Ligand SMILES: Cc1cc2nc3c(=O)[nH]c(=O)nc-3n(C[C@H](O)[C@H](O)[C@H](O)COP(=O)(O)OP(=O)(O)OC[C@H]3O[C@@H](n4cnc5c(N)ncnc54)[C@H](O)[C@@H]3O)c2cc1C
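Heads up, the chain below is alone and in the form predicted on its own; it's given as structure tokens.
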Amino acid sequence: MDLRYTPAQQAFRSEARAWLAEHVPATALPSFDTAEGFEAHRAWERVLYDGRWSAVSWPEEFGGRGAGYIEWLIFEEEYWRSGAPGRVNQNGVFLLGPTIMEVGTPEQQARFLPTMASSEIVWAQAWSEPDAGSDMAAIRATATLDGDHWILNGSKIWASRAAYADWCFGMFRSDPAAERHRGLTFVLCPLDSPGVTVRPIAQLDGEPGFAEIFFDDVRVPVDCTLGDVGGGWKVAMATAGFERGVSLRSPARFTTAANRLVALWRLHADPTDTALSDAVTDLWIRAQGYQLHTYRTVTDITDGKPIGAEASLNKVFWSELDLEVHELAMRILGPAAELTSGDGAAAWIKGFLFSLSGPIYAGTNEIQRNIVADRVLNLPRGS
């Protein structure tokens, strides 16, 4: 792995930095977990799309630039450095989009990817159920074939972005006689379909970042099946690989947070408190380490090596790093950490509240450690 950027990559960085400097909104957008903020972020992502920056590593015919993963990492570094808005359609662009490119038909790619890149259609992730959170093999929501349509019944919970999204993707049990991960089918469903009920769920900050989705005899055309009928588990594992690996959480998110933590320490902390300065330094180093690890990972991808169970290592690392960065920021801020409005502390408390969910979503870290033990380290299972 050569850590030096090529002249073409340096030019790409300069182009991205200049475009972002010109187009990033001067004032922060409202939270995308509000109706107003959701539409403001959708409009921003259309601006990204018009500049061909919404999905830089996608093929040009789907709205991308046909750039490589290294260029994507460079763009992410510039995006986070610029203070650009969060991505309201990250479930689509970073999770479902790569999955459709990997297992979708040419017709599905042409139908779904351009509107995803432009955020004309924003996607919700609808996997978890009341009795099937990290254990997706316990899914009970059903898909019954009726001619050229699926009839969906059941419910999903903790569906990200579902309060305002247009479509959702999820798994349904299409073979009731099958057990566990067999007999599941991956289905794409419009959230305005007759029989769909969306019930928002408030987060710790009171905003509806999640929702319950109820399906009551919802008819969905079979051409909205992603992958093979009964092969939903394989499709979902491909999506989970993108979620736990490099796509959903680029290292720029964490190096930017670590740099902000250093700035916060310089502004508020007692420089003679060596224990605190050591803790800040350790987190900064770990963020840099994750960045280097990600560059190695994308080098492997470029060389044709698949990301397997190792993605679970990534997920544990970035989720716990994010939480520890924000916990330490709360410690540095002291009583000011309770402020939920204004500049400075408010951004940290909002980030802290979100970071609490990191060890849970994308598969709990307890589950990820089991995967690492079983499939990466090949440790013996307990009796």
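From a predicted model like this one, the values you see are computed outputs, not experimental measurements. Quick note: we count residues from 1 along the sequence shown, nothing fancier.
This protein has a second form, the form predicted together with this ligand, left out of what is shown; the following refers to that one.
Student: When this ligand is placed as it is in the model of the complex, are Trp44, Ser54 and Ile70 each within 4.5 Å of it, taking any non-hydrogen atom of the residue?
Tutor: No: none of Trp44, Ser54 and Ile70 comes within 4.5 Å of this ligand in the model of the complex.
Student: Picking from 153-161, 175-183, 260-268, 107-115, which part of the chain touches this ligand in the model of the complex when contact means heavy atoms within 4.5 Å?
Tutor: Looking at the partner contacts, the answer comes out as 153-161.
Student: Hey, in the model of the complex, is Ser357 touching this ligand, heavy atoms inside 4.5 Å?
Tutor: Ser357 belongs to the contact set for this ligand.
Student: Is there any non-hydrogen atom of Glu366 lying within 4.5 Å of this ligand in the model of the complex?
Tutor: So Glu366 counts as contacting this ligand.
Student: I'd like to know whether Phe75 contacts this ligand in the model of the complex, with contact meaning heavy atoms within 4.5 angstroms.
Tutor: Answer no; every heavy atom of Phe75 is more than 4.5 Å from this ligand in the model of the complex.
Student: Is Ser82 close enough to touch this ligand in the model of the complex, meaning at least one heavy atom pair within 4.5 Å?
Tutor: Although this ligand is absent here, Ser82 would stay clear of it in the model of the complex, with no heavy atoms inside 4.5 Å.
Student: Exactly one of Asn89, Gln125, Ser312, Thr225 has a non-hydrogen atom within 4.5 Å of this ligand in the model of the complex; which residue is it?
Tutor: Contact residue from the list: Gln125.
Student: Using a 4.5 Å heavy atom cut-off, which residue among Trp233, Tyr295, Phe210, Phe94 comes into contact with this ligand in the model of the complex?
Tutor: The option sitting close enough to the partner is Phe210.
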